[in-house]
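The chain below stands alone, shown as C-alpha cells; this is the form predicted alone.
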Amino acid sequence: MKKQPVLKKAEPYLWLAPSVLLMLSMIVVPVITVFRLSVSDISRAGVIKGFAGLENFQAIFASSKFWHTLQNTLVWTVVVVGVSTLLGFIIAMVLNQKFTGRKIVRAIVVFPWATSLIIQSIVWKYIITADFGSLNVILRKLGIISQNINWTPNATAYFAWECWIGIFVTVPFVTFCVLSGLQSIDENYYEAAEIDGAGFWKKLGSITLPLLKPSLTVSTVLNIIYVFNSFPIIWTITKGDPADKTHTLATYLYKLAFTNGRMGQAAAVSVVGFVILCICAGIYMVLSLKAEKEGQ
C-alpha cells in the first residue's frame, strides 16, 4: 500500500523519460560534440589531432568572408522574416473573410510550404534563368520585353532572388499561424466595437493585434530559428557563389567542412550561430516575462 504513492509520483517522469532521452541524444550530445570540435585540431579526413584552443575562432574572425557571411545571414533573416510576417498577416486577414472558394484558396496557399525546399529552389532557379527561363518567356509573349533579361547579373541580384524565394516559401507558415489566431477571436468583440462606432483600423489596433500577439510571437520566433538555419535555398541556387558572396552561415560552414576540409573552423562558425540564436531566444524570453508581469 505504501508503494502506490511513490509510483504515482514517479509516473510523470516515466512518461517524460523517452522525450528527455530523445532530446539528450538528438540535441544535447550533438551540441556538446560541436563545441568540442570547435576547439580541436582536425585533419581534412576528420581525425581529431588534439586541442587547438581558440585557433579556429581566431581564423574565422580574421576572415573577411566570415564577416560578409554574417552580414548576409542577418539581412537574410530580417528580410525574410519581416516581409513574410507582413504578407502572411495580410493574406490571413483576407482568408479569414467569407467568400466563395475560400477552402480552395487556402489549399493553394499552403502548397509552397508543403513542397520540398529543394524542389522549390530548383523550379525558381529555372524560372529566372536568362537564356530559357520561364519568366523571360512569359514577359516576351506578353510583349513586355523584346529580348531576354539577365535577372542575376551580380551577387546582389542573386541574393535578392534568394530572399524572395525564402519569403515565398515562408509566407504560408505565417499565414496559417495568424489565421488560427484570427479564428480563435470571439466575434462579439468586433460586434461590440462596431456598436461603439469603431472602424477597421480601430478594430485592428484595439482587438485584432493585441489578441493575435501570442500567435505572431510564436510564428516570429520559430521563423527566426528556421530562416537563420535555412540551407537548401542558398545552396541549391548559388552554393554561396559568385566569389562566396551569397553565403549564409549554414552554407558557409558546410563549404568549410566538406569542400575546404576545415572542419574545426566549420564547427566554430556553427558555435557562433548557436550563440546568436541563444541570445535571440534569451531576449525573447526576457521580453515575454516582462510583458506578462506588466499584464498582471
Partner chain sequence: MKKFLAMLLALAMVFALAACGGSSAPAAEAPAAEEPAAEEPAADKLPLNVIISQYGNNTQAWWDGVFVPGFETAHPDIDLTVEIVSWNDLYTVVSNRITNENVPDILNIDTFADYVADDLLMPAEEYTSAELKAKIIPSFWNANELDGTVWALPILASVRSLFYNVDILEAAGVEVPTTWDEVKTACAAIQAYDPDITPWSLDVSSDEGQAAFGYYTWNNGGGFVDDNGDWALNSAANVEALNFIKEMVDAGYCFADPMNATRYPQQDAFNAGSLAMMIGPCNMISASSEVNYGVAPMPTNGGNSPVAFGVCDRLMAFKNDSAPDQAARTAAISAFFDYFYDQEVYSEYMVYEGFLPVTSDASAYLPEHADQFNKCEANGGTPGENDYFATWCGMLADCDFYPASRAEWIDVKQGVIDAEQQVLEGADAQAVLDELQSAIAG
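Everything quoted here is computed from the prediction, not taken from an experiment. Numbering follows the first chain given and starts at 1.
The next section is about a form of this same protein that is not shown, the form predicted in complex with its partner chain.
Within 4.5 Å of its partner chain in the predicted complex, a heavy atom is found for every one of 46, 277 and 285. Contact with its partner chain in the predicted complex, defined as a heavy atom within 4.5 Å, holds for exactly one of 150, 206, 183, 116, namely 150. At a distance threshold of 4.5 angstroms between non-hydrogen atoms, residue 270 is in contact with its partner chain in the predicted complex. A residue is said to contact a partner when one of its heavy atoms sits within 4.5 Å of a partner heavy atom; residue 34 meets this definition for its partner chain in the predicted complex. Interface residue remark: residue 158 is counted as part of the site for its partner chain in the predicted complex, having a heavy atom within 4.5 Å. Although the partner is absent here, residue 63 lies well away from its partner chain in the predicted complex, with no heavy atom inside 4.5 Å.
Residues of 126-144 that come within 4.5 Å of its partner chain in the predicted complex, judged by any heavy atom, are 130, 131, 132, 140 in sequence order.
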